[in-house]
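Below sits a lone chain in structure tokens, taken as the form predicted on its own.
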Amino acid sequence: MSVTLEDARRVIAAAEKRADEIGQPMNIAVVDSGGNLVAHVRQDGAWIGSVNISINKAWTSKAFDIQTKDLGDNAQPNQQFYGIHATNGGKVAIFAGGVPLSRDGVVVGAVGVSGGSGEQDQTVAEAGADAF
């Protein structure tokens, strides 16, 4: 099982809707079970610097089957995953906006969102994941 292009489009559409509701242009990425990019959207006005961040958030969320905000909580000094962001060629994102996509209790992909505050990124990613 994995994420199809149809799935990715549905996730992105729901995430875009939420981004529009909060008035924050976003970069939205969806990856499959192997962490490979399935689809990405950069909304008009979204930061170009957040393109790779959104993709890395999605990749991180799938690579570790965890929300990036939760990984971030455990990656602070004196926590069990401190320094994890420096692994995998610096690709690991440890801030809000990456959410796993699960089917029948199995993580089969992830959505990553970047372009606003951590709270904004998270709410947009959650809206996308809810549509999966």
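Nothing here was measured: the structure is a model prediction, and the numbers come from that model. All residue numbers refer to positions in the sequence shown, first residue = 1.
From this point on, the text means the form predicted in complex with a further copy of the same chain, which you will not see here.
May I ask you to state whether V108 is within 4.5 Å of a further copy of the same chain in the predicted bound form, using heavy atom distances?
Answer no; every heavy atom of V108 is more than 4.5 Å from a further copy of the same chain in the predicted bound form.
Just to confirm, R9 within 4.5 Å of a further copy of the same chain in the predicted bound form by heavy atoms?
Yes, R9 sits close enough to a further copy of the same chain in the predicted bound form that at least one of its heavy atoms falls within 4.5 Å.
Hey, in the predicted bound form, is Q43 touching a further copy of the same chain, heavy atoms inside 4.5 Å?
Q43: contacts a further copy of the same chain in the predicted bound form.
Test of understanding: in the predicted bound form, would S102 fall inside 4.5 Å of a further copy of the same chain by heavy atoms?
No, S102 sits far enough from a further copy of the same chain in the predicted bound form that none of its heavy atoms falls within 4.5 Å.
Could you list which residues of 23-52 come within 4.5 Å of a further copy of the same chain in the predicted bound form, counting heavy atoms only?
Going through 23-52 in order - heavy atoms within 4.5 Å of a further copy of the same chain in the predicted bound form - the hits are D32, N36, L37, V38, A39, H40, V41, R42, Q43, D44, W47, I48, G49, S50, V51, N52.
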